[in-house]
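Only one chain is shown below, in structure tokens, and it's the form predicted on its own.
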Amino acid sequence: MMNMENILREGSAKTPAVIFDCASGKLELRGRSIPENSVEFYKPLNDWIDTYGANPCNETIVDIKLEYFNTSSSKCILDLFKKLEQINKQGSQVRVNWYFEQDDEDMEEAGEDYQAIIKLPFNMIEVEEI
């Protein structure tokens, strides 16, 4: 396993908590994603996935627990998924768990939209509260 830094960020009112752990292969985004500049916020995450993808764990679990995200974040999240798709193609298994609150049709539909676009095993998980 390469010696690379994990990303651990506290969430804020506008940005999600981020836990990217290279040793366990667990990636999590949780909270709200409405940063002032989505591209700037997600760039280090995408760069991290590029680096991680050179030497990934046998299995990578991606937990997406967002209660809300804006349009510019959705594009950045798609880019992130596309990078994970490449890792999955190279033979390291990547699984996505998309959490959404019951009665939150927007987040459920967003997950289904990604599921339709992205060629990754995708679990839709309904929870009472994120």
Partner chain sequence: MTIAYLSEYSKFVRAEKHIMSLRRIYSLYQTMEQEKIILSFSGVVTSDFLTAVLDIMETKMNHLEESPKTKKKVFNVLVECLQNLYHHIDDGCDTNKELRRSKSALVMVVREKDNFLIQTGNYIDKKSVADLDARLKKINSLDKEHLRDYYREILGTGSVSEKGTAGLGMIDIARKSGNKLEYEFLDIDENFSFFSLNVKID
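Positions refer to the first chain, counted from 1. Just so it is clear, the structure is predicted and the values come from calculations on it, not from any experiment.
In what follows, reference is made to the form predicted in complex with the partner chain, a form of this protein that is not presented.
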query: Stretch in contact, per heavy atom within 4.5 angstroms of the partner chain in the model of the complex, of 42 to 50, 86 to 94, 101 to 109, 57 to 65; finding: 101 to 109
query: Partner proximity in the model of the complex: K14 to the partner chain, non-hydrogen atom cutoff 4.5 Å; finding: yes
query: Close approach of F122 to the partner chain in the model of the complex, 4.5 Å, heavy atom; finding: no
query: Close approach of D21 to the partner chain in the model of the complex, 4.5 Å, heavy atom; finding: no
query: 4.5 Å heavy atom contact, I34 to the partner chain in the model of the complex; finding: yes
query: Interface residues of 51 to 80 toward the partner chain, as seen in the model of the complex [heavy atoms, 4.5 Å]; finding: E67, Y68, N70, T71, S72, S74, K75, L78
